[in-house]
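Here's a solo chain for you in structure tokens, the form predicted on its own.
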Amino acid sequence: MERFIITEDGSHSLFSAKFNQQYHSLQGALDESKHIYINLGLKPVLENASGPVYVFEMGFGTGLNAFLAWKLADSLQKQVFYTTVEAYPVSEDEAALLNYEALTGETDFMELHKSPWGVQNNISPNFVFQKELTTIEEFNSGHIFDVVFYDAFDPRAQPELWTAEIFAKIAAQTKQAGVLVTYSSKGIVKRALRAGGFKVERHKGPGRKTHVLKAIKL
């Protein structure tokens, strides 16, 4: 069962009792998603894209990253194919109470949560969305991705998701010079990314967070 958290920027997050972790930074869920996944990850790729951009998200969670990606695709009139996996989905009832529409001025957030699992859904002319009810270990895609949002729970809670083996699997489905972004800048994460086939860059984090990571597929 999840419980609501109001983060410092006023945006909602949830707490997972199963993993004893919140879904976002307590300093600001919306600020974190915009800073890492949109501004550091997707936006530069999308602005320079001459064709469709393929995005993979590890951890659909509350749907905030996907929501922001969708609205960016619409605003730039660039096509995004977005695939995400989630093993422990948030209920539609809980998702309906999240305040992301009110804070962003955007609409139709619940379309992502109502989208059927395992089905490619044309959410908008610019955003093709597919969510898979599975684990990263079991997931395989026919796509090669341009951008990866890596948003699993903290390595202390899910150490099995931050290994060289997992990142090597992701690298095999990421194009050369493709981008992976994540909030965790721990040493074990940097080492695992490098061993998995990525060049690792450290960037300023949102708010008071010192660093986040951007990794480039070699």
Ligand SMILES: C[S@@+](CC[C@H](N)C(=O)[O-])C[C@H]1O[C@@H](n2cnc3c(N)ncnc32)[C@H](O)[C@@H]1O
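Note that this is a predicted model, so its numbers are computed, not measured. Residues carry their position along the shown sequence, with the first being 1.
The following text describes the form predicted together with this ligand, which does not appear among the structures shown.
At 4.5 Å by heavy atoms, is each residue in Tyr23, Thr134 and Ala152 next to this ligand in the predicted complex? Checked in the predicted complex: all three residues contact this ligand.
Can you pick out, from Val147, Val85, Leu112, Leu72, the residue that has a heavy atom within 4.5 Å of this ligand in the predicted complex? Selected residue: Val85.
Note which of Leu40, Leu161, Ile170, Val189 lies within 4.5 Å of this ligand in the predicted complex, where distance is taken over heavy atoms; exactly one does. Result of the distance check: Leu161.
Given a 4.5 Å cut-off on heavy atoms, tell me which of 40-48, 56-64, 171-179, 189-197 is the interface stretch with this ligand in the predicted complex. The contacting stretch is 56-64.
Decide whether Phe15 counts as a contact residue for this ligand in the predicted complex under a heavy atom distance cut-off of 4.5 Å. Although this ligand is absent here, Phe15 would stay clear of it in the predicted complex, with no heavy atoms inside 4.5 Å.
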